[in-house]
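Shown here is one chain on its own, the form predicted on its own, set out as structure tokens.
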């Protein structure tokens, strides 16, 4: 058992190292002085946040205005003295030059599932307000079809929970209310909503489903991202970072 535990720790450490390499690479390649920059949420995107802070502190980046997609990212920006604003602010109201984020699944057309961290509403605002979009993943996130492995998160207002679940069931999804960890009860998003995780039994059209899911009364947003295909930085187990260009 101890050997298994040590092996898992080593594997997890290698995975984090790969994520860090990819996160640093995308910032080094794409972030320029004067940019309006969206920074994403999660264990992969955090490396891009930290690299941005590092380059600012070194003076290699300047005049960066950041939109943080979650409280987690805002707190990290505070720690690193990265200036951040809302999309309603004068600094960012014209949109973003680039958003960097992670993803839960990426298909061959670079369409995504996001929302494993529960922040897909604001992450989608950033993605679709950006001229350029970059996604960082490890190779395990590359799949043939979206939504049959990792479930599609659907954020709904609490009053719509049951009816939205019934609608998703009719679309062919197995639906679960996302439960919190180390807290009794469901996950509550930063906007006071709940998340239904929907796993489809057979492949679906992500672009069509992104629109259809949002037609369900009470749905605020869903985890299909199809309208701004990204550049994808893929951290590979062989120790390299592969770059898939925007389709």
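Nothing here was measured: the structure is a model prediction, and the numbers come from that model. Positions refer to the first chain, counted from 1.
Unshown form predicted together with a small molecule; subsequent notes refer to it.
message = Please identify, from 160-168, 75-83, 88-96, 103-111, the stretch that has a heavy atom within 4.5 Å of the small molecule in the predicted complex.
response = Heavy-atom contact with the partner occurs in 103-111.
query = residue 60: heavy atom within 4.5 Å of the small molecule in the predicted complex?
reply = No, no contact at 4.5 Å.
ask   = Is residue 152 close to the small molecule in the predicted complex, meaning a heavy atom pair under 4.5 Å apart or at it?
value = Contact with the small molecule, no.
query = Does any heavy atom of residue 43 come within 4.5 Å of a heavy atom of the small molecule in the predicted complex?
reply = Looking in the predicted complex, residue contacts with the small molecule include residue 43, since a heavy atom lies within 4.5 Å.
task = Considering only heavy atoms, tell me if residue 134 and the small molecule come within 4.5 Å of each other in the predicted complex.
result = Because no heavy atom of residue 134 falls inside 4.5 Å of the small molecule in the predicted complex, the answer is no.
query = Exactly one of 119, 127, 156, 173 has a non-hydrogen atom within 4.5 Å of the small molecule in the predicted complex; which residue is it?
reply = Residue within 4.5 Å of the partner: 119.
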